[in-house]
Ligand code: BG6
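Next up: just one chain, as structure tokens, the form predicted on its own.
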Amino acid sequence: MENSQKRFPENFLWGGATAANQLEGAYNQGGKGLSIMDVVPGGKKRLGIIKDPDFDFKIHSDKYTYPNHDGIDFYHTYKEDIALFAEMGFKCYRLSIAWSRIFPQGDEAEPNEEGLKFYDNVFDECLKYGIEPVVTISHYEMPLNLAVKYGGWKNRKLIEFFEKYADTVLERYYKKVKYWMTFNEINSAFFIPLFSQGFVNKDPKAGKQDVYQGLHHQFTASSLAVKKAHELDKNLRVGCMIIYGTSYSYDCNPANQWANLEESRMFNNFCADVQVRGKYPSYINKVFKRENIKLDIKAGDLELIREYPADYIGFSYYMSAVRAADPESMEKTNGNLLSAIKNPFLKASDWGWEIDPTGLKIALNELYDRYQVPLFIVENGLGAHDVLDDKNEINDEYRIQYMRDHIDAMAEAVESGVDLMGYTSWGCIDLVSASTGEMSKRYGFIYVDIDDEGKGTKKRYPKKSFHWYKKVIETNGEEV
């Protein structure tokens, strides 16, 4: 008897993902205020600059370039770009709302109507083609004023400002947007608090206290958003969003096994443990004691977190990691906002990110076994040097192979019982890289003619992967 089992459910959400600060441009148009990313320079030294304790949150055009200011001009080309997404057959499109487009300074009494109208238009354009918007409320786009004046998320006042912002966008768009996420890659704060929490660690010891306090404020604010969404419509789904990096012990040495468990539990699981299970895990008590962390938790915070957990887990997966008790002497490789020990069994991308589709299958099984809530892969993809040939074509077979292998891994996880909602490939149209601020690190199915200096025609050219992904979606993942 022929096996008619499908690899993915009929309602599977195929699509792509972007962030406002990386593609919209128009950084000072439409009433928008400056965001933290508007003062982050581009170039390979970006991460070093923003980890500098003396980072001053100012624009230095005489020394640096700021590619986020122009992005790929999605602010003016969204209709054409969404039409290309529709041509691929997208079922959903993950995007973010720029907080500083809605509240330019972050602490105003009233929102910016011009900014609200822009996203009305974007969502309407998606819905015209039957594309479900999947919206990240805060994706590395905190209003700069909240970082400079208030110190970012280490200040409890941010809960109030975020609640007003989240309430505003939820009330405005809840009839158009069913799927939401609160904070993008919330656990990235362990490595780069500027992006997700709006401050730079000036002192490593005090910095850990600030990061954990900031996370507590974000957990509380996230639950307030879940509460608001469910009050508006019980069918709305609000997820948390984490970086997930499947990790392996360097070898079978028990010390390395333990180091892998401890690091993986903290990085991969801590934030989701709080946001999905609704309480602080017991293992964090030892960490807080060791690091002398004392959280300021107000009355009602823990009850709110318990009563309004996330409905699903959205996560980014680009690579796995190798852990060891003494990693300093070992060969390193680059990664998503961090470096890790080199894995000799894996090949790497042009930027040194190791390629591990089996790690995605492991991630899906680990997450579902632990949490038993729906999962949503909202970032995955290959950053590569794409070259436009004399026929204005790009044969990105390397990207197709990368995605084919990861989609096969997803299918195997679904077969083993994982509840997977959907898959949105990162940077479905070329955009500015978050980690390096480069355009040359391209992820998209659509080539955008802009270089690292912001020069080019801005014309869009479908790559070979564009047509391949269209077939994947048409066949619901049966043909890859």
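Residues carry their position along the shown sequence, with the first being 1. Computed from a predicted structure; not experimentally measured.
Only in words, not in the display: the form predicted in complex with 6-O-phosphono-beta-D-glucopyranose, which the text now covers.
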Partner contact for residue 36 in the model of the complex: 6-O-phosphono-beta-D-glucopyranose, 4.5 angstroms, heavy atom: no
Distance check, residue 434 to 6-O-phosphono-beta-D-glucopyranose in the model of the complex, heavy atom within 4.5 Å: yes
Partner contact for residue 447 in the model of the complex: 6-O-phosphono-beta-D-glucopyranose, 4.5 angstroms, heavy atom: no
Residue 441: touches 6-O-phosphono-beta-D-glucopyranose in the model of the complex, heavy atom cutoff 4.5 angstroms: yes
In the model of the complex, the one of 139, 101, 406, 399 near 6-O-phosphono-beta-D-glucopyranose [non-hydrogen atom within 4.5 angstroms]: 139
Of 318, 119, 199, 267, the one that lies within 4.5 Å of 6-O-phosphono-beta-D-glucopyranose in the model of the complex (heavy atoms): 318
Candidate stretches 60-68, 425-433, 23-31, 447-455 - the one whose heavy atoms come within 4.5 Å of 6-O-phosphono-beta-D-glucopyranose in the model of the complex: 425-433
Within 343-368, the residues that have a heavy atom no more than 4.5 Å from 6-O-phosphono-beta-D-glucopyranose in the model of the complex: 353
